[in-house]
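First, one chain by itself: the form predicted on its own, in structure tokens.
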């Protein structure tokens, strides 16, 4: 097989928090069927819209996160719609959902029902706080999950309110965890012959991205704190994000076996440009420990490194980092990503044709593999685009579908 998940059928009932999970599985070759209510998923009505035209098939949110899927409309809250969904589930390998715990069960679509109808089915539920536990019944959003994970507590400037990332990162971290969980459940099914219920909590998924604070609390005893472009180290606060001519770069004053060679190489680079003082050149990097510095020593280092970075562009510094093994990285915006020579060389950005609307540029394969294809399979589906062909698998013809449409079932 050229595709890792070739032959796997997935029913995707998720709302926005789970969109990415279905897309990733579709990129891996699964046949992902996006199931929406007849009026369409609310995300279809979310701006911005492609070309500025408010249309259910032009929401950039929808177009970005639902590629590699086919689409069907189905009113699963009605008895006939529920029957059709169960019939499709009998033929499926995976069902993805993001309803509040107990919601599917209340409609006769819970794990017990699905498992009884298809013992090989994998059910994956993506919720703010999981299916069990003291917060399972709580409502939650990306902001809630990011805050409850400890991430928000440490993000932003100390004299201001916490700062949430501009995009719903908990949905993306949670979506990737869901995709991985599904793959492992499918592997387990090869041994046991039965599916299982994969439970993904956004709040738990967001703990590891907080690796410097909440995820290391047991080891360090530190909860973290908002320090802006800086990081707390020992008794000091040390800069991590540095301004340069046209943006910012990430560079740390931290030591240790992995970082000291980069600090030595950076000083040599600065010295070549006449910007390393005698004091900086005399630093004994073999005994350097950033945790033992005083704030005055940190400030002295900061002045010299900061003055040098201010003379260079992001591209100049990144090129030097690659050539000299400096532990420095540009703080990229969409502008830099689109112009990246490396991504262009890897043919990472691809154009996808959206019939009747034109072509959009997308991030392509998230991994390069040998013998298997990871790729965008098709554009995001138009509302109800594949309803007729999918229900045909259940023996329904076009007239049957038209009747169901008139009844508000599809």
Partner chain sequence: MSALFAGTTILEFGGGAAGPIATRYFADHGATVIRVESRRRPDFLRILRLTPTTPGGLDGSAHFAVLNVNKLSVALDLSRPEGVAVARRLALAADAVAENFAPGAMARWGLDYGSLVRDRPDLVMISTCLNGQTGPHRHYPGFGGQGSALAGFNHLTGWPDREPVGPFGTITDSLSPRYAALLLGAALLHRRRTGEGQHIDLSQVEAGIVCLAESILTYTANGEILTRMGNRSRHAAPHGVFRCADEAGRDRWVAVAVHDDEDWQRLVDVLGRPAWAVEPALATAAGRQERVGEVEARLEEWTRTETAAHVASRLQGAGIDAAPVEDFGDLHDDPQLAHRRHFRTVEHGVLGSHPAETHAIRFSAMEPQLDAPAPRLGEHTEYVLRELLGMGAEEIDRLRAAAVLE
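Basically, rigid core = biggest C-alpha set you can superpose within 1.5 Å across the two forms. Residue numbers count along the first chain shown, from 1. Every value quoted in this text rests on a predicted model; they were computed, and no experiment measured them.
Same protein, other form: the form predicted together with the partner chain, not shown, and the subject of what follows.
Chemist: Which is the contacting stretch out of 155 to 163, 271 to 279, 70 to 78, 299 to 307, given heavy atoms within 4.5 Å of the partner chain in the predicted bound form?
Modeler: Comparing against the partner chain in the predicted bound form, the contact stretch is 155 to 163.
Chemist: Consider the chain as shown here, without its partner, and state which of 325, 294, 103, 313 has a heavy atom within 4.5 Å of the partner chain in the predicted bound form.
Modeler: None of the others qualify; the residue that does is 325.
Chemist: When the contact criterion is heavy atoms within 4.5 Å, does residue 143 count as touching the partner chain in the predicted bound form?
Modeler: It does: once the partner chain is placed as it appears in the predicted bound form, residue 143 has a heavy atom within 4.5 Å of it.
Chemist: Report whether the minimum heavy atom distance between residue 129 and the partner chain in the predicted bound form is within 4.5 Å.
Modeler: Residue 129: contacts the partner chain in the predicted bound form.
Chemist: Taking the partner chain as it sits in the predicted bound form, is residue 20 in contact with it (heavy atom to heavy atom, 4.5 Å or less)?
Modeler: So residue 20 counts as contacting the partner chain.
Chemist: Would you check, heavy atoms only and a 4.5 Å threshold, whether residue 135 touches the partner chain in the predicted bound form?
Modeler: Yes, residue 135 is a contact residue.
Chemist: Pick out the residues of 154 to 186 whose heavy atoms come within 4.5 Å of the partner chain in the predicted bound form.
Modeler: Contacts from 154 to 186: 154, 155, 156, 157, 159, 160, 161, 162, 163, 164, 165, 166, 167, 169, 172, 173, 176, 177, 179, 180, 181, 183, 184, 185, 186.
Chemist: Would the C-alpha of residue 180 be classed as shifted by 2 Å or more between this form and the one not shown after rigid-core alignment?
Modeler: No; that C-alpha moves by less than 2 Å between this form and the one not shown.
Chemist: Verify the C-alpha shift of residue 171 between this form and the one not shown: is it 2 Å or more after superposing the core?
Modeler: No.
Chemist: Fitting the rigid core first, would the Cα of residue 325 be found 2 Å or more away between this form and the one not shown?
Modeler: Passes the 2 Å threshold, so yes.
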